[in-house]
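Just one chain is shown here, as structure tokens, and it is the form predicted on its own.
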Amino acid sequence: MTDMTTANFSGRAVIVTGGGTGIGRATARTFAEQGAQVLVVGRTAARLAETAADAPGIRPLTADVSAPGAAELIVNTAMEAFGRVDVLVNNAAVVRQTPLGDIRREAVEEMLAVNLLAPMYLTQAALPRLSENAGVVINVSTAIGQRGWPIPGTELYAALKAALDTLTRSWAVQLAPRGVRVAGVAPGPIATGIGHHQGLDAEQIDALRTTLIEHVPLGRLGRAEEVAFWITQLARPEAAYTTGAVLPVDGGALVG
């Protein structure tokens, strides 16, 4: 049997979106450490450079995943660089506070474009290139999309991620005849960068951390590396019998 501690991604090509910080950065580096060639995509060149630092297997691409033509640009860049696409990780996301009573159209449209439409178009663009009988799509959603959440302002984000979970399950069925697997990882509250993409100040971020921890049975925030571990595990050949699953990595938030 294959030794799970030494199995790696040598010779395989991976695309990771939202790779400038947090889960995306940890995922790109974990894949690279295991031998993959990784195209890491994000909107900020300086952050992508930090992700790629000291990781020769990582190639950065500065792009807005929600921009017209971005999906084709990303896939074509991966093909030019690596000649193949084996794994696509749809991780890029934005969070905007949209409590009922103060829902703003611009915030809705931005989250819709990045959190749902971008992974849909990128998966579509990658599909002809994904390795048959070996290709994998991993969609990163959120544990709060799978339950009612008592913190107002994040429910639209959760709803869009829940829609991504539905696409994950449907695509898994539709692409199974091609041998392409589709799975999801649903993180709970993660420490890296929490609150910073919501326009919160330091005091608000501290309050948010405290509130989130109260809803996690394990009593702490997660680490990006803990989520990256499961993303890479689901992409392994040893996980070849797993498709359509959305795995919570949330410290028990979903069941607590």
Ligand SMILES: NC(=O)c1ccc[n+]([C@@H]2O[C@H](COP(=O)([O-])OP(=O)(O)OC[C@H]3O[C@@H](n4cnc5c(N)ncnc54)[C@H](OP(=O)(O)O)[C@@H]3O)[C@@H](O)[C@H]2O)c1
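Counting begins at 1, following the sequence as shown. Every value quoted in this text rests on a predicted model; they were computed, and no experiment measured them.
Keep in mind the form predicted in complex with this ligand is missing from the figure; the text below concerns it.
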{"property": "Distance check, A13 to this ligand in the predicted complex, heavy atom within 4.5 Å", "result": "no"}
{"property": "V136 within 4.5 Å of this ligand in the predicted complex, heavy atoms", "result": "no"}
{"property": "4.5 Å heavy atom contact, A92 and this ligand in the predicted complex", "result": "yes"}
{"property": "This ligand contact at T168 in the predicted complex, heavy atom, 4.5 Å", "result": "no"}
{"property": "Residue stretch of 154-162, 174-182, 77-85, 127-135 approaching this ligand in the predicted complex, non-hydrogen atom distance within 4.5 Å", "result": "154-162"}
{"property": "Residues from 49-80 in contact with this ligand (non-hydrogen atom within 4.5 Å) in the predicted complex", "result": "A63, D64, V65, S66"}
